[in-house]
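For reference, the chain that follows is the form predicted alone, supplied as structure tokens.
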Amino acid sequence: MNDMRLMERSAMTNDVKISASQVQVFYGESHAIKDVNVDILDKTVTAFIGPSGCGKSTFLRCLNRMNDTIDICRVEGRITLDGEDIYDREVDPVQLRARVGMVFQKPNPFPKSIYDNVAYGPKIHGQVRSRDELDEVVEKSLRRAALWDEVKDRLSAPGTGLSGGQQQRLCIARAVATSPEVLLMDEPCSALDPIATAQVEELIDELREQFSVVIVTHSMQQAARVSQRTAFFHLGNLVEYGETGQIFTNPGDPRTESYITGRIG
């Protein structure tokens, strides 16, 4: 029995994609994130839930150093990707963001063609050597985002001319075009109608076969539908983290239960 537990623990360690230890985030004098410790698993959807302003999006932005773009923001602690400290001075944030892609709350296609939106990342990162290779990457990425059949005959049309749901899937195609290892999604469905939301949720479930997906969501129903693991944030603290079913049906912390049942938030 002990051997079995050791094997399970060892397998779990091998599956860790991102590990955060004693992470603190400050905006000037404001202490936004406090002592966050979490291991995010590979090929798993992890949901971050919690009330507005609780720090979940701020912490998400730590995972690909998007907070570097905010002058007054300071990040302390250690975050590793495959064991490598992503805040090490030798790490190029631009290259890191090719490995850790991000999809934002509001669809934000570039003012370019559908084709050029997807081709942009592979081109600037020097990941393709020919037009044929680039064509292949664009098609593969649009297929991964379940968008190819809808746009294959108008790739030169502007990405901004697509519907909201299509624009968000275009942004997902753009994010996966650089072959990232992790995909961060900050409330990717909050601006979408129920049908587009269902399409993106179905896509998230497919993407986890290839990536570690981390999603911030205000919808507990969405977290329950798409994720295998859930982290509950409150007032800058990571209160509880575990299997999604356990978090929603048998939370270990009374604050988690209060949030899930609507008593705080």
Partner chain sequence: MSVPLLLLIVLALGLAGFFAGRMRALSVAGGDLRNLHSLPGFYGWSVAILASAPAILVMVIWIAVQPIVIDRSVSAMIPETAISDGSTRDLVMADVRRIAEGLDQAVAAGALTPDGASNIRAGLSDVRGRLAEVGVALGANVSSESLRAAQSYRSGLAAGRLGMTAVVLALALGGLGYGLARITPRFRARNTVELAVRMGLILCSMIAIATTVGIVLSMVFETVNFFGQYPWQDFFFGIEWSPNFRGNSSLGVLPLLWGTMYVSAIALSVAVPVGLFSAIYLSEYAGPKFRAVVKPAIEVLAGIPTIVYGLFALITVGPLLRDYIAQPLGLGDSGSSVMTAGLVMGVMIIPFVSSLSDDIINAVPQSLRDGSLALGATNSETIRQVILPAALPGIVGAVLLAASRAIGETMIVVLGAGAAARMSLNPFEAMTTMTVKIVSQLTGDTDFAAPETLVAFALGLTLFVITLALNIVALWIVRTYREQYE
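Numbering follows the first chain given and starts at 1. As the structure is a prediction and not an experimental result, all values here were calculated from the model.
In what follows, reference is made to the form predicted together with its partner chain, a form of this protein that is not presented.
In short, of 167-175, 144-152, 131-139, 187-195 it is 167-175 that has heavy atoms within 4.5 Å of its partner chain in the predicted bound form.
Heavy atoms of Leu41 never reach within 4.5 Å of its partner chain in the predicted bound form, leaving it off the interface. The shortest heavy atom separation between Lys112 and its partner chain in the predicted bound form is within 4.5 Å. Looking at Val94, you'd find a heavy atom of it within 4.5 angstroms of its partner chain in the predicted bound form. Its partner chain is not drawn, but in the predicted bound form it has no heavy atom within 4.5 Å of Ile79. Using a 4.5 Å heavy atom cutoff, none of Gln22, Tyr27 and Leu60 lies near its partner chain in the predicted bound form. Residues of 91-129 that come within 4.5 Å of its partner chain in the predicted bound form, judged by any heavy atom, are Val94, Arg97, Ala98, Val100, Gly101, Met102, Phe104, Asn108, Pro109, Phe110, Pro111, Lys112, Tyr120, Ile124, His125 in sequence order.
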